[in-house]
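Take a look at this one chain, the form predicted on its own, written out in structure tokens.
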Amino acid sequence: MERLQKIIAQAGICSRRRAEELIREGSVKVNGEMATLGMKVSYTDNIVIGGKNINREEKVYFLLNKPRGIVCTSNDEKGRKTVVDLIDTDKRIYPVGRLDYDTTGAILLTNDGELANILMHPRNEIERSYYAKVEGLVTKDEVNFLKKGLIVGREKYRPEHIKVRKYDKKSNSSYVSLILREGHNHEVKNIFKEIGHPVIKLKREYFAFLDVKSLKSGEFRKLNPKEVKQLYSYKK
């Protein structure tokens, strides 16, 4: 998140001081609402000045097979390597949603705020498929319990699909696949922690219809126009 006047200046529209004046004059809207001085926004927000959208860059779209130990942000205060650092582009991109530091797999990066908002909004129910190694042997009763849905804190989770792929009795662990559509933070970890099976390893196998089977860890590819159009079709 950055202050609105800074993002306007970085977009090359005007100086930061002039951006502050425009905000005070009521010439700037964020996501359809009148902006206020000092408010913080991200590059996924729709920023309009005098009726014109400031996002004028060519839109780019990347699918990354995120490695372990990489943070999902465009800038990290601790100086750690980010998913943006792995993409070879001169465009100002950001990740669509997040994967935890120790989670691997499919994540999208783009500078298209409209599409990012579509994919992150819960009402569009974007499918996310995960493969998890968890502590302990997950029972059939526990699988059935999860299928019915559960509430953790204020969030409701209901896996659309969940299946134990295999057991490793030697290490007392289970390998489980599941599909979720809610898009909550730490959703898989929260679910398994609630039933007493903390996650050991986690990979997102695909996001929407996009998988990373053809990509090695740390590799990425550009989406083609047909794929971008298909992602836009998720908007309800």
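Fair warning: this is a prediction, and the values are worked out from it, not measured in the lab. All residue numbers are counted from 1 along the displayed sequence.
What comes next is about the form predicted together with a small molecule, which does not appear here.
Residue in contact with the small molecule in the predicted complex (any heavy atom within 4.5 Å), chosen from I70, I54, V188, L63: V188. None of I126, L99, V96, V84 but one reaches within 4.5 angstroms of the small molecule in the predicted complex through a heavy atom, and that residue is L99. Of the heavy atoms in L202, some are within 4.5 Å of the small molecule in the predicted complex.
Using a 4.5 angstroms limit between non-hydrogen atoms, T103 touches the small molecule in the predicted complex. Note on the interface: of 46 to 54, 179 to 187, 165 to 173, 22 to 30, the segment with non-hydrogen atoms within 4.5 angstroms of the small molecule in the predicted complex is 179 to 187.
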